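Presented below, as structure tokens, is a lone chain in the form predicted on its own.
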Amino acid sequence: MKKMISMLLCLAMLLSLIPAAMADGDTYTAYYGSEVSTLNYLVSSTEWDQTVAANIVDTLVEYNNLGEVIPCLAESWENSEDGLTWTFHLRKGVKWYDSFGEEKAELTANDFVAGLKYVLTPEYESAIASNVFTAQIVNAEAYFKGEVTDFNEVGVKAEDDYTLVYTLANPVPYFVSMTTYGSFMPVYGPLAEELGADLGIDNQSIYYSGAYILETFEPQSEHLYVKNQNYWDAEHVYIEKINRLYNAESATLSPIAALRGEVDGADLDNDILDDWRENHADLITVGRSNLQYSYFYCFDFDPQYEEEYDPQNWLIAVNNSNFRHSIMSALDRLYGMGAETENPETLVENTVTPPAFSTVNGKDFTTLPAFDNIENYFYNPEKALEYKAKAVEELTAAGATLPVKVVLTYKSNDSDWANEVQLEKSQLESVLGTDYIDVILYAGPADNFLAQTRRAGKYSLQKCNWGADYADPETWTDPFYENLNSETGLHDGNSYNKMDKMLDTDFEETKAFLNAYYAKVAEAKAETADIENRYNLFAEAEAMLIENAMVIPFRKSIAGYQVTKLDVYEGEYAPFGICNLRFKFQHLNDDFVTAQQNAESYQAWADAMNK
């Protein structure tokens, strides 16, 4: 404890050298430690990039704080009797503004058409195009692949300035929920055509239709949002400004800055929780649990790291089922729960889909028959050693060398994650032995972490997460989709574990599994009439991933500890899309929310949710 207090005093002295950034009563101020990769909301899938988008551009619908869909840019909508046509009637008088707050044009149905065309233009390499394919919009995927060249043949039309129509190839009962994601955001068409790939390179190369305008965008310095005074729903935007100040050590310095009155919110990492519980317990609040996210471990089937880590040897190992099972059975997920040590058993999940995300006929998706006894596939040291013995024999015969180097990747500026991987390295090697595996910790960069690690193949084993994009279990298959290049006929690899690339290799065991898995997913997607059967088919597909140790479910999204002047239960809420990222509907309190106030707000919110 003395060491911790000493460290905090030193940090306080360092902070005293930083000019105080005192906020007025209408400005929410916070530090940030990782820069956004782009302001182009039509191409990025990262939460940090989408947080910007959520506050500056509106969607067709949004959600209130109880998770109920409410009108936004669309005042009303209807679905045709056959389920194939969705018609949205837009709000009149909504405008586009530039970064100086000057009106540029009226927002019309044509801007939603322009947004979808941009997302489906291959040269822009949109990471969220797959959501449009999932929505079953006629010819969307064919246009993206170049099989259809006339965008007029894609199932989106502006019948007039205020009537937007989507035509689907198959019924998608959850379609409205999908429109709360970036793939379906509008963009001012003439601007998108003029700038092309340069759309969103800075705050002056995009237009704004949401609650805020990004007035200042100075990378690794400051993001300043100001309320759009002409916003159509300005009466429900209570915070005048949002000021985010860059600090590479924000995770460490933000809590002390909060105590100094310089910022209005900060996350509280495990490293300092003991001190806060002793000295500031009344200010520790708990964030709202977010069912949108699930965390799981991915094995990389396309390693692209340095030769010293022997990526080809890893490729042989990861295509061995017994090797994957040995890792899965040796991993004590409770032991490695670095981000929450008090009640880790409440966080662990045995499925990729979070419990309570969706139900069918009163049954939670994660309790469907396909998941019976699924818990037997997890931590079991005896089984781990049995799998190891089989894997050693098979890997040796396949030409692999032991120990297998396992590159365990984490984010360098995330202290909780750093602690977590240290524990996991120790625990995995103690169960399986260093004669079998050599776990190498790789600290990925603080900025553009996903692009430079997971997507770049800079890992063997990595904790990943996925956020739901719509209200259906299909969304939890999206990280593992089959990415086939229509020009080459080969698989480019999905952006998570690249497992589909193995369909073009000689790893026959993996290929057989993948063919069966993708067939099951296709069967589930095709079932749109019998919802219970649809859910059971998706459950069977997910169970296949787990039973074959292609993915290791880990934990639900943590309702982390924080100190804040915001009542988190005022904000929008939905287990999908970008609504949770908005500041709209929230008030900035004069003082930090106390633990008691937080508990009372939660109880009132929970009671309202359960009515």
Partner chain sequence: MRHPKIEQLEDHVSEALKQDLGIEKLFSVAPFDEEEVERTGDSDYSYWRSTFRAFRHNWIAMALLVLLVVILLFTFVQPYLPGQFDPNTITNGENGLPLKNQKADSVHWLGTNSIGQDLWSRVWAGTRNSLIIGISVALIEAGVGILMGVLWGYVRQLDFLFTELYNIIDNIPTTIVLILVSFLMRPGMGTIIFAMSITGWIGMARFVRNQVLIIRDRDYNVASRTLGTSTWRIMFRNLLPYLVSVIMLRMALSIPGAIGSEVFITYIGLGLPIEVCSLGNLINEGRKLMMSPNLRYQLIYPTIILSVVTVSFYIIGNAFSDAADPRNHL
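Whichever C-alpha set is largest while still superposing within 1.5 Å between the two forms counts as the rigid core. Being a predicted model, the structure only gives us computed values, none of them experimental. Numbering follows the first chain given and starts at 1.
In what follows, reference is made to the form predicted together with its partner chain, a form of this protein that is not presented.
Tell me the stretch among 363-371, 281-289, 93-101, 443-451 that has any heavy atom within 4.5 angstroms of its partner chain in the predicted bound form.
Checking each option against the 4.5 Å cut-off leaves 443-451.
Of the options Q422, T167, N110, N139, which one has a non-hydrogen atom that comes within 4.5 Å of its partner chain in the predicted bound form?
Selected option: Q422.
Heavy atom within 4.5 Å of its partner chain in the predicted bound form - residue from S415, N313, N79, N350
Checked against the cut-off, the match is S415.
Using the partner position in the predicted bound form, report whether I272 sits within 4.5 Å of its partner chain, counting heavy atoms only.
Heavy-atom contact with its partner chain at 4.5 Å: present for I272.
In the predicted bound form, Y335 touching its partner chain (heavy atom, 4.5 Å)
Taking the distances in the predicted bound form, the answer for Y335 is yes, it comes within 4.5 Å of its partner chain.
Using 4.5 Å between non-hydrogen atoms, is Y410 touching its partner chain in the predicted bound form?
Looking in the predicted bound form, residue contacts with its partner chain include Y410, since a heavy atom lies within 4.5 Å.
Just checking whether S426 would be counted as a contact of its partner chain in the predicted bound form - the rule being heavy atoms within 4.5 angstroms.
Close contact exists here: in the predicted bound form, S426 approaches its partner chain to within 4.5 Å, heavy atoms only.
Using a 4.5 Å cut-off on heavy atoms, which residues of 226-259 contact its partner chain in the predicted bound form?
Read in sequence order, the residues that approach its partner chain (within 4.5 Å, in the predicted bound form) are E249, I256.
Verify the C-alpha shift of R244 between this form and the one not shown: is it 2 Å or more after superposing the core?
After core superposition, the C-alpha of R244 moves less than 2 Å between this form and the one not shown.
With both forms fitted on the core, check whether the Cα of D264 differs by 2 Å or more between this form and the one not shown.
Comparing the forms between this form and the one not shown, which are aligned on their rigid core, D264 does not shift its C-alpha by 2 Å or more.
Please say whether, between this form and the one not shown, the C-alpha of S80 moves by 2 Å or more once the core is aligned.
No, the C-alpha moves less than 2 Å.
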